[in-house]
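Just one chain follows, in the form predicted on its own, and it is written as structure tokens.
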Amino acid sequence: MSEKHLFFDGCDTVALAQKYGTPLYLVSLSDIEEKVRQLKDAFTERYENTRIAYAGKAFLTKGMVRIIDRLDLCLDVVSGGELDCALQAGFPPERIEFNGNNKLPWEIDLAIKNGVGRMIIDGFHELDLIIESAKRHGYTVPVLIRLTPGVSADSHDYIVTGKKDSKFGFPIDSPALFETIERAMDSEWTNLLGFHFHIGSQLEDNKVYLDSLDIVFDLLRKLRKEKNFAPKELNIGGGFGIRYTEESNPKPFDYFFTPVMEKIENFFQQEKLPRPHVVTEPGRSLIGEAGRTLYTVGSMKEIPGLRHYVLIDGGMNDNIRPALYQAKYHVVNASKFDEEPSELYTIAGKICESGDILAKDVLLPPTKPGDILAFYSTGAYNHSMASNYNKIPIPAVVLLYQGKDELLVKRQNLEELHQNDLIPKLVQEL
């Protein structure tokens, strides 16, 4: 080990790169535990009748499922694959919430057959499928209905989900919403508990949550007057921003939950109704900063007077966010962590796409082939969005904890990369 290297959760990152190879995802269990502690302090330990459902789409493996279970969180899934991962890892199905738009019939059936805790309805057609499956399995399904409050958040358009023009949920003024509410209330196979909304991701302003609540409260007043319906549950989603670069301005969990819970409690007191169970669904804010990605520097190309490229052994196949969202990251030379950054580099991947640029114009110490670079805050939406583009295997994930390291996900090998490929007879006979 070298004091000149970057350490993460007590581990020498350069030594980890040598041991496991690169590209390499690292996940710190200590960081996850600390974020969960902060969240519980601000929410579930402070307010009764609340719970946290980790949004698995940010990062989900069987090992991560066990971590979430041990930390006594619920789990939000958005696909049959995520649900199956949770079930195979032994996660209690009654603590699973099935979210997402356009759930397929087999996914809905898998969820209801296993008795998931909540189905979050995202469209009128979905309710039909839920009722059909519930009848087959003789199970009255607890459901929430997802709303799009129509509030625009200050984030990238691709990760804003609460505005009216969204593929998610029901607009508040949609006739389909009221038809769905009526049918869910009337059916013996669904138990309508309340509503869900999620405004977007990487949010740094609590006003969008407060504005959304005003709109949801208008709906609740109308439903109480016309349907005598009062919610038992309200899911406010997640989306709390994290630190990606020095320019990021993430807020503590208190900044969101204190005004949100005050507003919710005041509303139900005024309406002389019991305050419903309140749920939040953080993903990125629990796992994002707990991740690092290591790369090995290969070729270097300098275009005099224009740009100095550092080419790494990964790229947009293991981190699509810069190409997709113009996302930015804090980057360091892990091999020379003790040296002052003095050179301007652009870090590019090995994928055959001009857009495969992971970081533009970052300051690093003088860097050379063989050095290890570390990207910070890659725990969310990196491994979960990784692909085999250019037929490149998906990197390994290593879990770190107080100086110890262990594989969480094995590196995909070439045999596994091609294992589903077939050569049909039609091709053989050519």
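Computed from a predicted structure; not experimentally measured. In case it trips you up, residue 1 is the first one in the sequence shown, and so on.
Another form exists, predicted together with a small molecule; not displayed. Remarks below refer to it.
Novice: Work out which of G315, G291, P149, G238 lies within 4.5 Å of the small molecule in the model of the complex, going by heavy atoms.
Specialist: The residue in contact is G238.
Novice: Out of G349, G169, P231, G283, which one falls within 4.5 Å of the small molecule in the model of the complex, going by heavy atoms?
Specialist: Looking at the other structure, the residue within range turns out to be G283.
Novice: Which of 365 to 373, 37 to 45, 393 to 401, 53 to 61 has heavy atoms within 4.5 Å of the small molecule in the model of the complex?
Specialist: Checking each option against the 4.5 Å cut-off leaves 53 to 61.
Novice: Determine whether any heavy atom of R275 comes within 4.5 Å of a heavy atom of the small molecule in the model of the complex, and answer yes or no.
Specialist: Flag for R275 set to no.
Novice: Given that the partner is absent here, does R321 sit within 4.5 Å of the small molecule in the model of the complex, heavy atoms only?
Specialist: Contact check for R321: yes, within 4.5 Å of the small molecule in the model of the complex.
Novice: Even though the partner isn't displayed, in the model of the complex is H198 close enough to the small molecule, meaning a heavy atom within 4.5 Å?
Specialist: Yes.
Novice: Taking the small molecule as it sits in the model of the complex, is M385 in contact with it (heavy atom to heavy atom, 4.5 Å or less)?
Specialist: M385: contacts the small molecule in the model of the complex.
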